[in-house]
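First structure 1, then structure 2: two forms of the same chain, each alone, as structure tokens.
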Structure 1
């Protein structure tokens, strides 16, 4: 939990950018108005999280998933957000599936090109990863995001630690 109420506020730069993207050019927003919008957004996030957590607890889980958030939006009477959230979730899943498939294809291609060399030494068969390949390998480590039954991700980083947002406990 946050030690101070200020710790729960969204970053001012993020709020300012969102406000600027939402209003027409030439419209100014005072500092007080930005602060009020920031506080309101923080309260909304906390409320949505709390309601989502209630749905997870009812299902005897400690992890909030996308279905919990969508149910919370309906429960909070924000039905107008349900369809756009579902569309964003589907787009996210498709993007992750595409990244995973592309990474698997590259891995197969590398294995096939390595096997076709036949009598190459171990040093010759090592492949240097570019920064792009490393990022895509990390993306491939995201598990469960594209599965129809799962709305959570497990992300492994290079430090050996992992962030597990999908372990159901109950």
Structure 2
């Protein structure tokens, strides 16, 4: 929730950069104009939210979704935003899907390497994924060695070393 009035402003540095992207190089934007655009952007968010919320309420939903925002743009007569927004949403969805799949894959990998020491022939596995796999393979291999011949000292494996200690004492 907004506690201070300035919490409802958008950061000036970012707004200025966005303005600069839209206008030719060398065009100066007066401080007054920048402030006015920044305030206008905040009001735009409020206006768009209110319109989107109306669409959500009409559909008897409590949560505003992406389709409501797109409908709001049409309602506000900013149809020219609809197409770029849909493209942006598509990219966002793919990104989220990619993230989900990556985390699921990671989970699956962890389970697999726990059972049979590392079976990672995944084409799209990323760097920290393979690093994790390697670690797990190593610890699994170490554990196996500890089970096989217990008179070998293994320092970096807790269960292995405790077995060894018992063997030496006895």
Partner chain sequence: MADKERVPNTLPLSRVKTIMKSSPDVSSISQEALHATGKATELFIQALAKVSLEKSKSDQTELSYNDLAEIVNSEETLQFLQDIIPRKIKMSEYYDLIKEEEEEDEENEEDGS
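Take the two forms, find the largest set of C-alpha atoms that superpose within 1.5 Å, and that set is the rigid core. As the structure is a computational prediction, the values presented were derived from the model and not from experiment. Numbering follows the first chain given and starts at 1.
S.K.: Compare the two displayed forms of this chain and pick out the form predicted in complex with its partner chain.
M.R.: It is the second structure that is the form predicted in complex with its partner chain.
S.K.: At a 2 Å cut-off on C-alpha positions, does residue 31 qualify as shifted between structures 1 and 2 after fitting the rigid core?
M.R.: Indeed, residue 31 is displaced by 2 Å or more.
S.K.: Would you mind giving the Cα movement of residue 17 between structures 1 and 2 in Å, after fitting on the rigid core?
M.R.: C-alpha shift for residue 17: 3.8 Å.
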